[in-house]
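The chain below stands alone and is given in structure tokens; this is the form predicted alone.
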């Protein structure tokens, strides 16, 4: 938990101050802006040549296989790691570059860390002491709603309860960006649903930007409006979910060599069974070829296609 501060009254977190008369309006900086970002451990690159801009105001799903570099990217964004190459800015500043910058970011790590020997109430008091912008009413209201006994030590809480406590602590500091590293991977389905429900409510109430890594694509499909696919330390897909789904199509028809498709149809994956071909293509133009049956795809289809493509490469 780190120092935080609330936005001036009447202005949501993340909203830049109004321009003075005669000045151009100030642009909201991206939630994350990486340029050639890389992190190397010995001879192995955990993240390589990552150039990525995430606009503020989205719930962002970060997807990739184990070892893809997701945690490395998040740790670079929080300032817990220093880049080997390139640069990264979070909300217009260098990660963890000072108290003001630390106050903008809330973070829940993969193991949803809390202090086993402290009670729930002691966690709330610690949050209030460390964060000048701490919203005690919000924190205690969420703890009460969750039915957590404030006298219980964190060691006595279930995995889902510890995750909810960690999320409450991160939200109550009133950050502009909330970073979550696999926060629900170890939760049972009910606890996972409750966690995501609390997260989405907080996102709507506080106008948060959320960057969340997860293997659970179905959960991301319900919560995220922006998607990043990371494979082998490199970004292979990024964009708003609606735009990505609108530009990808599954084509099924007579067997065909993918190389014969129009130049504006990028083939992501191709499979052939007997005399039939199934191709996932990316294009911003309508597919007019009557030989193809054209179907829409969902997030899971999209993610698995890009992971399969990367594995084949």
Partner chain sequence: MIEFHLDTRSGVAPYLQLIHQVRQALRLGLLREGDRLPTVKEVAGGLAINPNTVLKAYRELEYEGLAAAKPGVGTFVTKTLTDDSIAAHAPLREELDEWLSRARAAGLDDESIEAIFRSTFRPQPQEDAV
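Residue numbers count along the first chain shown, from 1. Predicted model, so just to flag it, every value in this text is computed and none were measured.
Missing here is the form predicted in complex with the partner chain; even so, the following discussion is about that form.
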204, 242 and 290 each touching the partner chain in the predicted bound form (heavy atom, 4.5 Å):
yes
Using heavy atoms only and a 4.5 Å cut-off, determine which of 72, 78, 214, 223 is in contact with the partner chain in the predicted bound form.
223
Taking 4.5 Å between heavy atoms as the contact cutoff, choose which of 54, 280, 48, 59 touches the partner chain in the predicted bound form.
59
Among 101-109, 80-88, 164-172, 188-196, mark the stretch whose residues have heavy atoms within 4.5 Å of the partner chain in the predicted bound form.
188-196
Classify residue 200 as contacting or not contacting the partner chain in the predicted bound form by the rule of any non-hydrogen atom within 4.5 angstroms, answering yes or no.
yes
